[in-house]
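A single chain comes next, written as structure tokens; it is the form predicted alone.
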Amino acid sequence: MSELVIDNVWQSYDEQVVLEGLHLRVCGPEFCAIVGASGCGKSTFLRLLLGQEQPSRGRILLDGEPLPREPGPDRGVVFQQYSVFPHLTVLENAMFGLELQRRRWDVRIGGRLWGRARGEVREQAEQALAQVGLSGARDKYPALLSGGMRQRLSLAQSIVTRPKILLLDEPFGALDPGVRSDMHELVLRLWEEHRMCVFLVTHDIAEGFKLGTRLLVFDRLRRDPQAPQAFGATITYDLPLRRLTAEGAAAQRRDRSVAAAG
């Protein structure tokens, strides 16, 4: 069971402080919904977890080891804008991440897997498509899919490598209400089946309460009108919600103790 530790993490760009003094411990398959005002560092936090950026100060540990300094198969991500490859079919899109893991690029053969290895990747990709309800569309190209179907494909791309952490950056914001509700149910089912840790950034607090086991509120506690860039956001509230695991509850108590001591 995975454990993620955020230990006094700060993130600054030159003189601008975006995040300051983040302390967080997440144990096991928790679903952390992140809310806060625009520009308070929520997406920056996800980029730190993904490995796209490195913290200016502090540590991020996954299972006791420093988080890898680049994105990897242990972390999946779904953005609001669909991150699918338009020139690949649905099945080829789902296979792509696994192929990256298993192949060595060879320009003479186009970098593809062949034989048994390709068959295994295809089988895993087909299983992922079945989980998100896209088996019947596996030979279509993304341009022929609806917005909800393309977001399902993005989810299949993310779960096919069986990540420990799934990062969702406002993935439902562009969807119609009915489609969004269906996606909520799908994400909850995938979370329960895969037993992974999920971080969801959302502007919809009702969505956060509906999906999360924890609600993390990002806000700036310190403000200086004369130096608006001097202070960053931190986690001001860490609220336990439904289906909270015993490990997660213990982690929250430890985090509150650290914050109080700091």
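Just count from 1 along the sequence shown to find any residue number. Remember, predicted model here, so these are calculated numbers, not experimental data.
The form predicted together with a small molecule exists for this protein as well; it is not shown, and the discussion that follows is about that form.
With the partner left out here, the small molecule still marks one of 189-197, 22-30, 47-55, 206-214 in the predicted complex; by a 4.5 Å heavy atom cut-off that stretch is 47-55. Within this chain, Glu170 lines the site of the small molecule in the predicted complex, having a heavy atom no more than 4.5 Å away. Though the partner is left out of this view, Val9 does not reach within 4.5 Å of the small molecule in the predicted complex, counting heavy atoms only. The small molecule is not drawn, but in the predicted complex it has a heavy atom within 4.5 Å of Gly39.
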